[in-house]
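Below you'll find only one chain, the form predicted alone, shown as structure tokens.
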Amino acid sequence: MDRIFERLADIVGSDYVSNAAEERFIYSRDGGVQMPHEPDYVVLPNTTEEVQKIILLANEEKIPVVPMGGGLVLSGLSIPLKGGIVLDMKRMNRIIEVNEKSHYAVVEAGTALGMLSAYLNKHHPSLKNSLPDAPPVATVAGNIMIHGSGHLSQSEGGFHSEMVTGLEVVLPTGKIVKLGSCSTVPYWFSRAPLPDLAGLFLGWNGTTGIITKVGIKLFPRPLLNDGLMFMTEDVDTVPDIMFRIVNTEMCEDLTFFITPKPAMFEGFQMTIISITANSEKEMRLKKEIIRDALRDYYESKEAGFVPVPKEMKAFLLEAPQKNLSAFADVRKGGGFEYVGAIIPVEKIPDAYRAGLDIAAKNGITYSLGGRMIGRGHSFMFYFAYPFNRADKEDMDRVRQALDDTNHAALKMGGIPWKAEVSGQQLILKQMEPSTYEFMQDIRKLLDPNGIMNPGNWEVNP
């Protein structure tokens, strides 16, 4: 063990490798309910070449390697299930390039989404990146790897993984590859028209390689931002209401939430329609088009727009949304399980009812909601369950709620999002056997020694 520690120190420097008990404790867990597993080493590389050397060492010594971004995934995907090396990528946080004309940025994998947003605000104020509803320390690479979504996912690019224009990856064998246009020319503008190999590293939970650089789409930043809140009492109307709003092509972001508090919201569903424009005239026109699309609902008093005070509107329209992070510690125990399902839009009522039933059955606090993806192509429905980490029974209830949520998502025709190991196993068991076998064939080809985040995407980890 001392020999391996010294070799890691030779690669990254003694200040950036640790096997101290307190470091291993911190990196053995995240904010969710998954059981902790300690790594043997924590390593913070600074360059792609250092990552490559660590992977070559891990292959030689048959040591598991687990990449980690912001450590905010909550479902244990960066917990080292079989020990080994946690590769904390936060030192690799350089913004390499912003191309204003072709609307993309190239960043290192550990670059925080908030850091990129702040950089654009300062140096390229006409552009913005899509932001997930997560703390700003969430990383670009970590978010794309779990098919994250954000405030531009409805109108612009779908899931953040669909906004990727190119990747640099260290393969499990140590080979460094570039994917997309950057593999052939100096520009990171697109994955097309070349064979699209980026999908081999998106959604795989770090089992196929280490992303070290990302090309990501940027989008124009309109001058004005405003929004509308539409309240419904019958959840079965929500898919049609969202269908109508999306078809106007007037809204940037389209989200939905329910909450039992404050009491005035209990029993109702809220749809938040975010609108951007470059003039007051354009903003008025967009709002009027959306109101016209929903006119029969509010004229019949079946649903209606809610006047929103200026202070509350700013809170609802902020990106990223901070209300979910505030809700995370409502139990005052530092624990939060933020799970989700990617579902067909017409299944929103089923997901809503399932969430209420699961919370009631397990006696837990809840927050439910979601975001439209890709102009109506799917819906990211979230189920948020806070818990008190000092209360074992509270944690057990949330674990059961998580399992119930995964089963409910699959039953209604959705797929659990960023699923923890038990959720992954549910998905794999329902998957076509030939698809599962194909996934395993790819992993064996890319990672012959099985060092990359073992325990994930395995039926029997």
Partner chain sequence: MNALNFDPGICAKCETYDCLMKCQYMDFDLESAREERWKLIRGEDTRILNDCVTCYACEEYCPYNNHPFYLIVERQEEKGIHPVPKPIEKSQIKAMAPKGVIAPMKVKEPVINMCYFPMMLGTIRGKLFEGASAIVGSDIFCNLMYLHFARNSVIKERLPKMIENIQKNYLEPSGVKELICYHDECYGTYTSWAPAFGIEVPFKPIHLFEYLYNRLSELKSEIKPLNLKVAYQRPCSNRLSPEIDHFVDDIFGLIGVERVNRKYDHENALCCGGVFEAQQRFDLMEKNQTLNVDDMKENGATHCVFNCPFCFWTLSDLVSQKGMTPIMMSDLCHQALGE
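Note that this is a predicted model, so its numbers are computed, not measured. Residue numbers count along the first chain shown, from 1.
What comes next is about the form predicted together with the partner chain, which is not displayed.
- This chain lacks the partner; the member of Ala360, Val185, Met264, Ala192 within 4.5 angstroms of the partner chain in the model of the complex by a non-hydrogen atom is Met264.
- Among Ile95, Ile289, Val306, Ala390, the residue placing a heavy atom within 4.5 Å of the partner chain in the model of the complex is Val306.
- The closest heavy atom approach of Lys301 to the partner chain in the model of the complex falls within 4.5 Å.
- Among residues of the shown chain, Phe268 is one whose heavy atoms approach the partner chain to within 4.5 Å in the model of the complex.
- By the criterion of a heavy atom within 4.5 Å, Arg284 is counted among the residues contacting the partner chain in the model of the complex.
- Looking at Met231, you'd find a heavy atom of it within 4.5 angstroms of the partner chain in the model of the complex.
- With the partner chain left out of view, the stretch that reaches within 4.5 Å of it through heavy atoms in the model of the complex is, among 240-248, 306-314, 215-223, 168-176, 306-314.
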